[in-house]
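We begin with a single chain expressed as structure tokens, specifically the form predicted alone.
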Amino acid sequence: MKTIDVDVAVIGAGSAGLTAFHAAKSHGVKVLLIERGPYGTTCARVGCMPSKLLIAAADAAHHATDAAGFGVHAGPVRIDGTAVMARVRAERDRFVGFVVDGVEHIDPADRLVGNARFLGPQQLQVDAHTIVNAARIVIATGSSPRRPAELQALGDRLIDNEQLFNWTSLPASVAVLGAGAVGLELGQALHRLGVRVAVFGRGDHIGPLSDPEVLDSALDCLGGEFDLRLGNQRFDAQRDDDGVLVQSAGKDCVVRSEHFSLVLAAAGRAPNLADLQLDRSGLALDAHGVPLFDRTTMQCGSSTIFIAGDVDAELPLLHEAVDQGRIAGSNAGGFPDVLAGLRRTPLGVVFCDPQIALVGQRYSALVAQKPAIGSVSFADQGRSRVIRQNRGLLRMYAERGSGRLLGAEMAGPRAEHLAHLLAWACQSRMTVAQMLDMPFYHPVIEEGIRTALRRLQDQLDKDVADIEHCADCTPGM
């Protein structure tokens, strides 16, 4: 067994790990990148990109079916599941190729393949071939889909999103377990591609929404399109001759027995920590076995160990993983100078239709402060009606007194774009009045933001009830 001495060892070559590696290298120190699996980030290989490819195909099918609403009749829509999945896999592999090319440009002397585990706070063993003595260590091992233990007997009929994107065709039916972001995105996409789908959620919420009014609007939109079952008290599944027999029960406790081709586990992801032997790291861990860390420096306690990305179970989003990796890597490379890094305004998007987005502080975190609230329905919003995507609700929250925008929750058309504008405003600490000074073109969906802002300003200035039909709320505006 050989021994390597380095200044910084980065465990994991995903989005967080690669960013941490380059950030540490910028300090002119010796850095080693350790990866146990195939190169290619979660986002490129099994997450953001392949899911959006599937959703794009589903949206194309939906638009073709919905064209009659514009007076355009395209004829019967035929979905070629084999062709759909061939494009998903081909484009996915292209994105993965970009990542792999980037990794292969790293000096081979700075890369090591194998499973790393702690022998001590500054020592790792990689498989049975290498001991790594590292002055500092960055843990960036990512996460994996949660697969319910009680469903393991389903064998290959229990799948997760990491397996779905290797399909060569579409199944006849899928029971989706989980009504979070992954369950909503994939469930609706498969439904629009002609797969019989039922999405099962244990609670009464979907995605990340906490505002009850936005939640009700989203439920009305999504539940009206596909089979969305919340408040499940029971979900049992067993293999049968050609698929899976699912028995479920909602709040009424009435048991339903149905046959599906597959069960898709979409109930979140778990940090990849089990193989690290963290008990030898000397780190303090939380109740779930995740190292305690400072989110501004990514340092674990006062140790020489840093953490970044999905493995820290904070915000499993690519842009957050990159930011965390940059902070962790820079602090590991520049140690003992440990500096607070930029943590941006929280921003999350679920790519269902209508899209769901959260910006800044959530309603649930603000409700006790009784913030001013401005809202807009997209039902009669001009541009939304023009493109026949007039559904959903935006609610924005502002601090009384200062008038500063604190956050927003929404379900509506083009929410991915609205959310970016609001996130920039939050991070710039803009007030409602300052936002109203910004230009708004006509007719665009962004005018809905102005409507909500005017209602917010009414509350902040005069503490009066919302005006039912102000000038900016008319169908043309």
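Residue indices: 1-based, along the sequence shown. None of the values given here were measured: they were computed from a predicted structure.
This next part talks about the form predicted together with a small molecule, which is not shown.
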If you check in the predicted bound form, is Ile34 within 4.5 Å of the small molecule, heavy atoms only? yes
Is Ile137 near the small molecule? Define near as a heavy atom within 4.5 Å, in the predicted bound form. no
Considering non-hydrogen atoms and a 4.5 Å limit, does the small molecule approach Ile11 in the predicted bound form? yes
So in the predicted bound form, does Arg280 come within 4.5 Å of the small molecule, heavy atom to heavy atom? no
Taking Ser217, Ser377 and Val432 as a possible spot, do all three reach the small molecule in the predicted bound form with a heavy atom inside 4.5 Å? no
Thinking of the small molecule in the predicted bound form, which stretch from 48-56, 65-73, 445-453, 24-32 has heavy atoms inside 4.5 Å of it? 48-56
Could you check which residue among Gly81, Pro346, Pro316, Gly403 gets a heavy atom within 4.5 Å of the small molecule in the predicted bound form? Pro316
Since exactly one of Ile307, Ala321, Ile356, Val176 fits, which has a heavy atom within 4.5 Å of the small molecule in the predicted bound form? Ala321
